[in-house]
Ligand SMILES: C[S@@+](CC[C@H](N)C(=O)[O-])C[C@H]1O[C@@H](n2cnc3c(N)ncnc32)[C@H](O)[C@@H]1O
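For reference, the chain that follows is the form predicted on its own, supplied as structure tokens.
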């Protein structure tokens, strides 16, 4: 089969592209990366540095005419997740709100208006999409699924923790894989649950069979009514939607292969720059931030007093387990509760280097070289685990080829 053509939105520094290229059988024909409010487009510059400027677009996706996006077979993207609730209005539809969450509707616009909509889509976001917003848990996902139904797609989703499948980081993300309904060859929702792309890529065991849900096609009504009085989201961590019928359940991972730990990805100590060492005089502050707390605090601007508590975090991070989730604030010397701290001898402590952060996301060493270290950490906090995309890519080619037959 010829290579599947890919359009990559919200490309960051190219995690989706790396994963699909490693899977084989994909060719990126369009990529878009633009960070609002930034004079210098650091992520886009890294993308061009690694993959070249051909077919790369550094404009606000909302300003890109659909006809300028070339024909493609697969649309991929990790659309921004800072605002959940997800989206803004679709004309007069209420629901899904947020300055960055509104970008969901740019994906919708491209799928709706492109003269040759793609056969498949692969999207990534945070797992709290299952239960947002707080007042109508699950509504945002319901609106997204219904909108894709209206555009002629069936959808499968799964919350995947990369470490559950032997990868070096405990990073939970939600993946949605969509297929043009006419390519489904009579596949029902039940069959898609057990034989779809995500089922093929990530073996599982069923923990709990959830409810079936019939979505409303009218997005305004759905946004107003969905789970209005529910305290819990009806969506499990896995599910499918075919022709408006949603089947959902909770599953647990099944993995019998090797597992990579934080210790496995560390650079030799002789290669670690001195800037990443933590001076002895700062260890007390690091231990305090990482430790358990139960203390009285006061708001400085108005004197409001309250009790604050939080549990302890490991200090240093264990080397015999996968690393914790990389966050965007991982860079910089300042002590922090959320940055990784490692020690190979129990005496000297240090932060992770940019190369080690790249390895936690399964990027090549020095993929982000050329940007300041704080930006390199920021990129990895926003990135996805490349190995997850590679496995999805391999399973998707099989699914696509079956549809062609």
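Positions refer to the first chain, counted from 1. Everything numeric here is computed off the predicted structure, so don't read it as measured data.
Form predicted together with the ligand: not shown, discussed below.
Of the residues given (145, 238, 197, 103), 103 alone sits with a heavy atom within 4.5 Å of the ligand in the model of the complex.
Listed residues 370, 36, 70, 52 were compared with the ligand in the model of the complex; 36 is the one with a heavy atom within 4.5 Å. The candidate spot formed by 19, 387 and 392 lies out of contact with the ligand in the model of the complex, as no residue has a heavy atom within 4.5 Å of it.
Within this chain, residue 26 is remote from the site of the ligand in the model of the complex, having no heavy atom within 4.5 Å.
Proximity of residue 13 to the ligand in the model of the complex: non-hydrogen atoms within 4.5 Å are present. In the model of the complex, the ligand stays beyond 4.5 Å of every heavy atom belonging to residue 48. Although the partner is absent here, residue 337 lies well away from the ligand in the model of the complex, with no heavy atom inside 4.5 Å. Interface residues of 41 to 66, taken as those with a heavy atom within 4.5 Å of the ligand in the model of the complex (partner not displayed): 59, 60, 61, in sequence order.
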